[in-house]
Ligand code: NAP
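We begin with a single chain expressed as structure tokens, specifically the form predicted alone.
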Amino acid sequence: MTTLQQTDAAGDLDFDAVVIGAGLSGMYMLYRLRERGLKVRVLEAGTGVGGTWYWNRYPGARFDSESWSYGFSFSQELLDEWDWQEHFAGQPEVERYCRHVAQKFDLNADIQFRARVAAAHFDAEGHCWTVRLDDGTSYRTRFLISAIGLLSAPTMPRFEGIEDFQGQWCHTGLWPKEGIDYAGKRVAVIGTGASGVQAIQEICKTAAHLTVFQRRPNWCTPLHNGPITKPEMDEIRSRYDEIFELCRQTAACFVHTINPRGTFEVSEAERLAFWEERYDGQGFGIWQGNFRDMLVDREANRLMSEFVADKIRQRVKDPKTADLLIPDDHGFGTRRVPQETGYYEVYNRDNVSLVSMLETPIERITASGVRTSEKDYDFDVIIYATGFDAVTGAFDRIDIRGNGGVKLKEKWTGGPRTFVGVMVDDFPNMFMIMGPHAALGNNPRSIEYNVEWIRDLIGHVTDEGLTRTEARPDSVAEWNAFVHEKAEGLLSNEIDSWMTGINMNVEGKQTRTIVRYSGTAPEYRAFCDEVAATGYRELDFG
């Protein structure tokens, strides 16, 4: 078995902590560990900060959480000086925000760009990690922290001939900085998930012709974005304490909260009026602020799905096209709901065609375009909006080995097992920000909590003069059982999606697993707070 070079001495460490990734998680982790006086290095594969908002530059990329609920909350000065321009900021604005944060807190001084991590192996004798980059550079560190994100490992479809195509092509998650010139050209977009929906809405405006290849439709609802005026921004700023407190209280840290009523506890007229209000509202309110039984009661979910299906039929002129855009394999909200601005109206345009890959599957990519079971299509540009190897995929792409050389990828065969989504048994001194089975939702709110919990645990280790900490197997088993308990009864866990570990383009990920925590964020924080308050009894120290 090959391992990274190890030494017996613990005193020749390069850093106290190495953080993988310079997105929001990595930047905040750096800020908090430096605050404690630790020597930290952040390793980032890109050339700038931002993570998701650095890589995903495709046209139309933007927040689906309200901008003012998404930014960092830890610095009053930062809150006072940053004005959001839109209720749901686009990628350029978000990247500017990330660069502003990095500059304000001098984070770039401890970030190494163009540094893609290839491997990380634990040295049991030295109680430290050796981290190797793909250029062969290696560092030794006491603590290893992953800030690599849930949706950061783009996947290409398993079509033959992708490299044969003579035009321009790319994945939405790896959009080139210089952009792609699709104006006046024949363009294909393959995929209609969240990124596909956003890109399609923009590309159709200038492409000579856009052909959308859809494998399975999604339930999409209006974003209702708009600019934020200066007086409105001032009013929002005056309510930041209230906004962030609301996010702490809601199930998924959004400004929307589950309606306490059941679908059948109101009259049909009241129900329809409520859904109309939600459909006309902003953001995820229709998903995260719906009736409390919408995601567990089949009949309630069926009625909600029919309501949204009727909206699609009203917006799409051609009945056959409308039917193709209405999902029949999952109910509303059982997969993440893409937010859109005029998406369904795209299919009323003369320069847009919709091809169902269920009816006429793609057989291969050719030098000139796409071949389906029915015909050949010629294109100048092909965009693959085919998603990510979610949750565990970014971990799988790094050779991570713990005690005795055990590989993380092998340990997670059959599904991830963690302690509070932050630690894994057999992997001492390794922490994950927003790892599998951590609380998800409006992620920056959970990122701040995860980072501060990890900071406090590292502080406990260093303050007590210890060298290592590790999750005990029984603690992992207890948390895993709790995660599975919280997943019971949810209709979403009966559906193939990235939230159930499914990716048809990745070998070995065709079986549903529980890869996410389905309880509420307040429940999650209460559990983690109790662990810290009782002296981390669930962990081993040395």
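Just so you know, these numbers come straight off a predicted model, no measurement behind them. Heads up: residue numbers just count along the shown sequence, starting at 1.
Keep in mind that the form predicted in complex with the named molecule is missing from the display, and what follows is about it.
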Contact assignment for the named molecule in the predicted complex, among Met357, Ala394, Ile243, Ala102, heavy atom within 4.5 Å: Met357
One residue of Thr221, Thr130, Thr386, Thr469 in contact with the named molecule, assessed in the predicted complex (non-hydrogen atom, 4.5 angstroms): Thr386
Asn450 within 4.5 Å of the named molecule in the predicted complex, heavy atoms: no
Close approach of Phe63 to the named molecule in the predicted complex, 4.5 Å, heavy atom: yes
Gly149 within 4.5 Å of the named molecule in the predicted complex, heavy atoms: no
4.5 angstroms heavy atom contact with the named molecule in the predicted complex for His121: no
Candidate stretches 309-317, 289-297, 330-338, 274-282, one within 4.5 Å of the named molecule in the predicted complex by heavy atom: 330-338
Partner contacts in the predicted complex for 295-322 (non-hydrogen atom within 4.5 angstroms of the named molecule): none
